[in-house]
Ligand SMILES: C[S@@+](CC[C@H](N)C(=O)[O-])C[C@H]1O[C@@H](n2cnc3c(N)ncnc32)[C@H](O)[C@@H]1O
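Form predicted alone, single chain, as structure tokens, below.
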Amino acid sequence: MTLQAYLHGYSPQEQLRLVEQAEYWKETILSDLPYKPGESLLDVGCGVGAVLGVIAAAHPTLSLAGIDLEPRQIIAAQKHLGSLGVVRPDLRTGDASALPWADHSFDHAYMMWFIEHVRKPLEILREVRRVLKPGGTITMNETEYSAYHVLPKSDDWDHLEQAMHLHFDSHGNANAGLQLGTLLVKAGFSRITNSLSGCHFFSTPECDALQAHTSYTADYLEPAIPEFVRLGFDSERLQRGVKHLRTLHTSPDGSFTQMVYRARAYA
């Protein structure tokens, strides 16, 4: 097994959150995709099919496939994509380091917030390269958990951020975004780019973007508190850190910064 225990779990609430998350990042997901009608796409770590659903709406003639280690996610993905009218997506439960498709099966591959959960990403990327057609593309999106910046400062938020970073450092890769380029080089890809597009939000009466983003962030961190407590962090401080995040927009000095990396490479 290459994927560690998923931090956020597999509850119906979490599965719905993943669908909402994909809609929230829709612009990022669809940015500059080199897809042509009738081509094939594999989503590695597809979860509930949320990202595939966003891509399918923009590229309805693509032939879609996805793989996830957790059977409950694949069942949810079948239901979600079926509700969107996606015809016969090839969804499979399995280990991404041993993909169950033949060489040169796909025109494109996609990963969204996946490498951060993986301990041995190079094995997976080499497998992705194997199933891509010559000249096929891989697109990857990741963040950097050590580069969240919150104002006003808060010791409780710092405690929460440290817990988040330690979890990903222990179970996956807290700074996956920084390493996408070098990982793709080692996996044998070519024409590699890894671009940085930070997200920055601040308090303003005319826009609720800060509240929307901090609420989105708090929504995936708060259910993870029991896991952070098991790592040795203080429950009350973690809860106060979440509260600080949720109320950031009420401060005239409130701001939130997050780094997002987007890599593209060719097989």
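Throughout, we count residues from 1 along the sequence that is shown. All figures in this text were calculated on a predicted structure; none of them were measured in a lab.
Separately, the form predicted together with the named molecule exists; it is not shown, and the next lines address it.
- Proximity to the named molecule in the model of the complex, defined as a heavy atom within 4.5 Å, singles out one entry of W157, F189, F114, F106, which is F114.
- At a distance threshold of 4.5 angstroms between non-hydrogen atoms, M259 is out of contact with the named molecule in the model of the complex.
- Mapping the unseen interface onto this chain, G47 counts among the residues with a heavy atom inside 4.5 Å of the named molecule in the model of the complex.
- Looking at E70, you'd find a heavy atom of it within 4.5 angstroms of the named molecule in the model of the complex.
- Interface membership of Y24, defined by any non-hydrogen atom within 4.5 Å of the named molecule in the model of the complex, is ruled out.
- Only one segment in the set 129-137, 190-198, 92-100, 78-86 has residues whose heavy atoms sit within 4.5 Å of the named molecule in the model of the complex; it is 92-100.
- Proximity to the named molecule in the model of the complex holds for all of Y10, L18 and V51, with the criterion being a heavy atom within 4.5 Å.
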